[in-house]
Ligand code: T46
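Quick setup: one chain, the form predicted alone, written in structure tokens, and binding and motion questions come after.
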Amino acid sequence: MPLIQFVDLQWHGDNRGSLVALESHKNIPFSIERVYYLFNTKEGVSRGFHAHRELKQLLIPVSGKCRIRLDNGTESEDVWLDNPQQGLLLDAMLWREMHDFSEDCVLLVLANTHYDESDYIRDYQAFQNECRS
């Protein structure tokens, strides 16, 4: 499975502006159980630094941009999120780091489960060990 998986989000627009609708099992490949967004991230601050055992997410940059580093335990890849018509699909067992937030960045996150601290892997070495087993 590739590290970087984009989901194109169909948009509708006219002279009034643009609209993107997000619908479970239509343009979002899972049921949406949790929605949150990151904003006002201070200059030089990075976020993430964890993986999830089961959680799936879709990251959508509704404003601005940021750089995402994904790692599956054997390889890593960076990608810029800067298009509100495209989401980045994150499967389970992907280490994620978020860097270089623009001042106006608003990163919307859709998740397939409610918050569960036991699903997090917050230590990179522990993540690598779980990937090997």
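Please read these numbers as outputs of a predicted model, since none were measured by experiment. The first residue of the sequence shown is number 1, and the count goes up from there.
There is another form of this protein, the form predicted in complex with dTDP-4-keto-6-deoxyglucose, and it is not shown here; the text below is about that form.
Note which of K65, H99, H50, R53 lies within 4.5 Å of dTDP-4-keto-6-deoxyglucose in the model of the complex, where distance is taken over heavy atoms; exactly one does.
-> Exactly one listed residue reaches within 4.5 Å, namely H50.
Any of the heavy atoms of Y124 lying within 4.5 Å of dTDP-4-keto-6-deoxyglucose in the model of the complex?
-> Output for Y124 is no: heavy atoms all beyond 4.5 Å of dTDP-4-keto-6-deoxyglucose.
Is the gap between L38 and dTDP-4-keto-6-deoxyglucose in the model of the complex 4.5 Å or less for some heavy atom pair?
-> Close contact exists here: in the model of the complex, L38 approaches dTDP-4-keto-6-deoxyglucose to within 4.5 Å, heavy atoms only.
Mark R34 yes when one of its heavy atoms lies within 4.5 Å of a heavy atom of dTDP-4-keto-6-deoxyglucose in the model of the complex, and no otherwise.
-> Although dTDP-4-keto-6-deoxyglucose is absent here, R34 would touch it in the model of the complex, with heavy atoms inside 4.5 Å.
W11 near dTDP-4-keto-6-deoxyglucose in the model of the complex, any heavy atom under 4.5 Å?
-> So W11 does not count as contacting dTDP-4-keto-6-deoxyglucose.
Contact check for Q57, Y115 and Y120 against dTDP-4-keto-6-deoxyglucose in the model of the complex, heavy atom at 4.5 Å | Judged in the model of the complex, Q57, Y115 and Y120 all sit within 4.5 Å of dTDP-4-keto-6-deoxyglucose.
Could you list the residues in 3 to 22 that come within 4.5 Å of dTDP-4-keto-6-deoxyglucose in the model of the complex, counting only heavy atoms and keeping sequence order?
-> Contacting residues: none.
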